[in-house]
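Here's a solo chain for you in structure tokens, the form predicted alone.
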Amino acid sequence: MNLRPIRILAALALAVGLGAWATAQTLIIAQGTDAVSLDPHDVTDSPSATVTSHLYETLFELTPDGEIVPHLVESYEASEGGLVYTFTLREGVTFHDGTPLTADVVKGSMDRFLDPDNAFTFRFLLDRVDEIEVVDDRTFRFHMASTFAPLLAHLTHSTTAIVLPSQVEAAGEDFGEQPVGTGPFQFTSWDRGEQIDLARYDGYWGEHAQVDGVRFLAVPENTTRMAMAESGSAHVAVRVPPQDIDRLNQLSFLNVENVSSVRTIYIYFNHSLELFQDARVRQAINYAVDKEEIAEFITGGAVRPSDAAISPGVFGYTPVGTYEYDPERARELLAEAGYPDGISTTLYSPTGRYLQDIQIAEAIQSQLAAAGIVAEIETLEWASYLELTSRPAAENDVPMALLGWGTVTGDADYGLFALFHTSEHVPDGSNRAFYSNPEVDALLDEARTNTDPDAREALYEEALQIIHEDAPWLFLHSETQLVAVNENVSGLVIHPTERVLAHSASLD
């Protein structure tokens, strides 16, 4: 069946509906999934963080080149022992409702983020902050419970963004749908599952946005997103399928940008289930999957097979090895584990979230079968997928699931502590594998408090080696960002942290 005319017509029809927005200089970005929440403290996924990064701001910022620079903070100073940090805020920063940014507001926002009763998933980013002291309107201090090497890196994370406590109180449970930040754009509307509209905030403290607004469209289907890019009904479309790159690049008005990222793609094994409590089973599945073939033929070479649990470009990364494709070795390990006739399981995958996610799951299904492993594929839309895979161990029967993790702070603490430390089991953290190794815990704990970069790198290398041997994941690849951008868009930032940022974008 030839679907091309149908999808082009659908995209053209949508373009007619978006015509008024196009003339109003609104940048239209087709994402693969909708946001889950617009409460930055509660955001755990990149599509949501992309939107909130236009609305809210952090004290520090990680530049595309990997440099940590002050943002809402004008300057800072650390005490000699590293237990007190004094920060000075920029002048003239206001929230979208006109409320000035003050040290009291920062304290209220941070107290909310750190309150254990709120159970925010990424609270661990700042859990060594013992007390926040307000000195004056523009000055505040962090009193630390211990030295904390990744503090400034963690303050670049979008989930630590400064919220307005009075708006949190006024909106109550609806705060995630009524955002008020200090960013260059302000919230207009959200049609769940369809689109989010933002408008330029003319009271912004920094350089004003060049476009009147940004519209984020939730478009899980690859063919539909690409058709929208081809028809012009979207200026930007993420996750270009590799097989479409040449065709899109041949169009005079489109360019496919290929930008590196800090995202690692993997399939975790649920260690709370008996089947995956034996490391030989987990290792067998790693041997049964040909990562090179997936990289070359499924993603068109747009990914790099993993040789560690975090990607290159992250502080603390060291290559520690790969599981080479060896289905016979996989069968031997299964037999040693008591499964001479193979195993049956279920592999979960989201739709439209990662580059070629369904195709990758299907390729893995086929390769596993050759090693005597039968895997049934189950798919879910993104928000439901996160909810299902975040259930506590006693209620969680998801055996294997495809996920990705971007180490968006540029520091291995975020890429390893969050996913492998025992204290971070879901639902309180992000360790969906329920992986637990006391030796890894000790190494990660020490690496957080040791301020010697060389010592930290050595600790992370040792932890990565143990994790590789334990095989809590099926290690797949580091992902590249393939984004179709219309030629009349300039100034768009495709950040290595997997956020498409329109702060300085313009439409010609």
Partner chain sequence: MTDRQKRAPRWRRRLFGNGLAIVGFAIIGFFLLFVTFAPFLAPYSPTHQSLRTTYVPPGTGVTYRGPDGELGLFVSPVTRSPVGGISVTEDEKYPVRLFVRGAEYEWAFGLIRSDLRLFGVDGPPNVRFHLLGTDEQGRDLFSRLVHGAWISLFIGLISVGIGVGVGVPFGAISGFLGGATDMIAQRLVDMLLAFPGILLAIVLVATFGTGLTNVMIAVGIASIPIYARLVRGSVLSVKNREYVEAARAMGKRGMPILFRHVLPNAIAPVIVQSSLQMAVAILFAAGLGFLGLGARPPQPEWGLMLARGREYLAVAPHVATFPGLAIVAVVLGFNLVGDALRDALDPRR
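Numbering follows the first chain given and starts at 1. Note that the coordinates shown come from a computational prediction; the quantities given were computed from them, not determined experimentally.
Note that the form predicted in complex with the partner chain isn't included here; everything after this is about it.
**Q** In the predicted complex, does every one of Arg247, Phe297 and Glu376 come within 4.5 Å of the partner chain, counting any heavy atom?
**A** Judged in the predicted complex, Arg247, Phe297 and Glu376 all sit within 4.5 Å of the partner chain.
**Q** If we define contact as a non-hydrogen atom of the residue within 4.5 angstroms of the partner, is Asp127 a contact of the partner chain in the predicted complex?
**A** Asp127 lies outside the contact set for the partner chain.
**Q** Does at least one non-hydrogen atom of Ala370 fall within 4.5 angstroms of the partner chain in the predicted complex?
**A** Output for Ala370 is no: heavy atoms all beyond 4.5 Å of the partner chain.
**Q** Is there a non-hydrogen atom of Gln195 within 4.5 angstroms of a non-hydrogen atom of the partner chain in the predicted complex?
**A** So Gln195 does not count as contacting the partner chain.
**Q** Determine whether any heavy atom of Ile358 comes within 4.5 Å of a heavy atom of the partner chain in the predicted complex, and answer yes or no.
**A** Yes.
**Q** Of the residues Glu221, Asp115, Glu336, Glu74, which one places a heavy atom within 4.5 Å of the partner chain in the predicted complex?
**A** When the partner chain is considered in the predicted complex, the option within 4.5 Å is Glu221.
**Q** Looking at Ser260, Ser366, Ser423, Ser344, which is the one with a non-hydrogen atom within 4.5 Å of the partner chain in the predicted complex?
**A** Exactly one listed residue reaches within 4.5 Å, namely Ser366.
**Q** Of these, 204-212, 221-229, 172-180, 144-152, which stretch puts a heavy atom within 4.5 angstroms of the partner chain in the predicted complex?
**A** Going by heavy atoms within 4.5 Å, the stretch is 221-229.
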